[in-house]
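Next comes just one chain, in structure tokens: the form predicted on its own.
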Amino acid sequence: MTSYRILRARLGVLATAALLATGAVYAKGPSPEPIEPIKPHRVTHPAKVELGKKLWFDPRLSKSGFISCNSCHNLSMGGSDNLKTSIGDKWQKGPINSPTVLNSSLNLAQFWDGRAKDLREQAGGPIANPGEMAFTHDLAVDMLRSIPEYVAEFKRVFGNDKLSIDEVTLAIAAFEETLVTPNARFDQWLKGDKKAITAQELRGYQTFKASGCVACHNGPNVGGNSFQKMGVVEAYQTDNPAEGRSAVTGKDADRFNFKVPSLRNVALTYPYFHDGAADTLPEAVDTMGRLQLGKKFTPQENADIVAFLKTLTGDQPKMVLPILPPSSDQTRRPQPFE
């Protein structure tokens, strides 16, 4: 057996394992598929979500008074910024591509290297990162405490006068948990509407499965549930310095292992990969086929897979933009040029 055939056989085993791990192989159920429909989020604490939404859009949580969570995770642009790498404080070039925040509650961890275990832990990171919002947690909390409307709202939501960074991140995480995108055309197909996708899109899904893509891209989020090496068959060439999971674990074996990105809404979240090197879906599909699977997709196969990927765009979050409480005379003023 050639090394290529061995690789394909191993990928088949990986795909089967992925199906079992995600619970997609079962004796009873509507469809034994490795991908599962996204479920709508059920809000249990609307006041906390509303507070989190205000914090999400409030640029005063940054030193410049210009950058908010929405700057890099624009909810009008698929929860990303469509830049190769994000722009931080004082126009700094970010070190890595900004992953979408949509459906991020379904990920096993947050950030490309998984250094935050959940949304709450992730929410505090950018505020204090000198290359992003460039504030400190203490200054952010002081800013919020200086605004009477925020003080009253935190007390209503949490039932105390604490107003700490823990409550800030809890509220932001509660808002982020609502940012799911159900009802994609592919979800409709999974639920039994066989007219929801076209013949080409179905052919693309079949190629996606048969080629072994589902070994990593499976479950409700079509990814986000494992760390994998970027460049299994061929080494990935990039000038981006990110080391992936090894930066967290300290293990050389984890070098260049990144969290598998979700393919939900992938048509909206270009450019692709941790370094933003692939500008288009056809380019990303071609690169993944060669580097991860040892397969060169034909132009027709590539077009079919891209057509399938576009069926994963779900209902985008719809919301009324919050009116942020005004600063008081005691509120620290922004310092965009210092």
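A residue's number is simply how far along the shown sequence it sits, counting from 1. Quick caveat, the model's predicted, so the values are computed rather than measured.
Keep in mind that the form predicted together with a further copy of the same chain is missing from the display, and what follows is about it.
- Every member of the trio S76, K93 and R333 reaches a further copy of the same chain in the model of the complex with some non-hydrogen atom inside 4.5 Å.
- When a further copy of the same chain is considered in the model of the complex, only one residue from P126, P99, P220, G88 comes within 4.5 Å through any heavy atom, namely G88.
- Residue in contact with a further copy of the same chain in the model of the complex (any heavy atom within 4.5 Å), chosen from A140, L268, I197, A215: L268.
- A residue is said to contact a partner when one of its heavy atoms sits within 4.5 Å of a partner heavy atom; T280 meets this definition for a further copy of the same chain in the model of the complex.
- a further copy of the same chain is not drawn, but in the model of the complex it has no heavy atom within 4.5 Å of T181.
- Under a 4.5 angstroms non-hydrogen atom cutoff, a further copy of the same chain in the model of the complex has S71 among its neighbouring residues.
- Using a 4.5 Å cutoff between non-hydrogen atoms, S64 counts as a contact of a further copy of the same chain in the model of the complex.
- Only one of 158-166, 260-268, 199-207, 243-251 places residue heavy atoms within 4.5 angstroms of a further copy of the same chain in the model of the complex, namely 260-268.
- Of the residues in 303-338, those that come within 4.5 Å of a further copy of the same chain in the model of the complex through at least one heavy atom are, in sequence order, Q316, P317, K318, M319, V320, L321, P322, I323, L324, P326, S327, D329, R333, P334, P336, F337.
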